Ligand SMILES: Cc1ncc(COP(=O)(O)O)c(C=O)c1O
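Let's start with one chain on its own, the form predicted on its own, as structure tokens.
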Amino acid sequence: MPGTINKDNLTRLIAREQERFVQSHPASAALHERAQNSLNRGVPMVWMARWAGAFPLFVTSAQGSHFTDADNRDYIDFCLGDTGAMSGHSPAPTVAAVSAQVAKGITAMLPTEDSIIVGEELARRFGLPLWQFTLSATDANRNAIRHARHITGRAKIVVHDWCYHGTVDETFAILGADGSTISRPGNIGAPVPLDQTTISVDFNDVAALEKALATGEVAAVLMEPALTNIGIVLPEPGYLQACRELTSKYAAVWIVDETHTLSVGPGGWTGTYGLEPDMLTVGKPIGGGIPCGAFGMTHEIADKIAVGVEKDDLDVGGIGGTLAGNALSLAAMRATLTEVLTEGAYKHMIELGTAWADGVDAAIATHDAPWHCNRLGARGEYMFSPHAVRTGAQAFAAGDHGLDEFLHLYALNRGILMTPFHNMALIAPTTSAADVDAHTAMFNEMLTELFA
């Protein structure tokens, strides 16, 4: 029988780890108490309150794949800003480029040569010839959706059940028990019922996707090549090709969001496996920590967008923003793409990502834990399922919030930060074999105690 968790033992372990965390972080505790006077819930953004522990850590410095907290404790960072610091914290080429650009001008509502170089590099990596810039992947997704509606004259988009594409209203949709599209739990202040804007379908379900597209209501299919924010869910053989064929058949725009799947390679899943989307969005990893985003398109899409859009309306049509494409972001993107997230860096990242997952698999087997490790290039994740899941709903069902809290707290108390809300790790160019080995040792120690 696979290993089982004794609930009484888990309760004891959680209490022990909570006490250890509080005792070890008095400076962060004091800062958090002070923050209650000026910050909602004592944090800059309320989701930071969800970190494991009685309070969040306060960071004083971060470099490469490590950071230091207010108590002068060093941590191996496998979260890396939930991909925002995929390049490692403050990579030297990006820091140099940003520092130089700050002295020359931050934003002017006019292009710089860097924008051309970044556009050329993105075209080379992803295969889409024309690019526009935003301040986040969320904005890139919003802009792509608006363009798709303009092109098709249709109102709805298709997303996958339990997907996540930033704070895009239309994407907070899941499948109800009766197969209808409903709002995701916790969707704050939804402007309209989700079934007015969105059709949710299961990942890897070709028939469901065709049924949605056959309604004639769908402007675009917005999707990650592999789900990531509900847990890693990989596409089954032929699924992505079916997405291409069906969107073409029903004249819908196929938008691929590579923000997190950029872990697969320099061109994400699209560049690595030769996808041919109509539009592609990407965000935080390409700027080395500076807010940025981009969306690419085919010449055909660009020509269709131009139809019916008067030049005088370009600044009030709901696309872009005053700071979009600013000089500072473009300088950061140029340096990060051309000097940091290089082919050589990816070779190192994927090799260590494989080693990380191998260590997790070996520990799971040793302890006969009914868990599974997913792999996505330089990214890996352990899930509370004995096998790989194929849909977002299965990934959600495999979750255990209490166990997640324990695992993150256990890792934090041993100097390791994992991606919040998941048991996911990302490898940066600056991650070392020693960092990976430290996680493997911690994971083995944790399973020994958990399944005792």
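Residue numbers run from 1 along the displayed sequence. Values in this document were obtained by computation on a predicted structure and should not be read as measured data.
Separately, the form predicted together with the ligand exists; it is not shown, and the next lines address it.
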(request) Could you tell me which stretch in 321-329, 136-144, 67-75, 233-241 has residues with non-hydrogen atoms within 4.5 Å of the ligand in the predicted complex? (result) 136-144
(request) Name the residue from 250, 371, 164, 131 that puts a heavy atom within 4.5 Å of the ligand in the predicted complex. (result) 164
(request) Could you work out which of 272, 229, 115, 298 is the residue within 4.5 angstroms of the ligand in the predicted complex, going by heavy atoms? (result) 229
(message) Considering non-hydrogen atoms and a 4.5 Å limit, does the ligand approach residue 284 in the predicted complex?
(response) yes
(request) Please check if residue 82 has a heavy atom lying within 4.5 Å of any heavy atom of the ligand in the predicted complex. (result) yes
(request) State yes or no: in the predicted complex, is some non-hydrogen atom of residue 87 no more than 4.5 angstroms from a non-hydrogen atom of the ligand? (result) no
(message) Can you tell me whether residue 224 touches the ligand? I mean in the predicted complex, with a 4.5 angstroms heavy atom cut-off.
(response) yes
(request) Within 4.5 Å of the ligand in the predicted complex, which residues of 239-268 have a heavy atom? Give them in sequence order, or say none. (result) 257, 259, 260
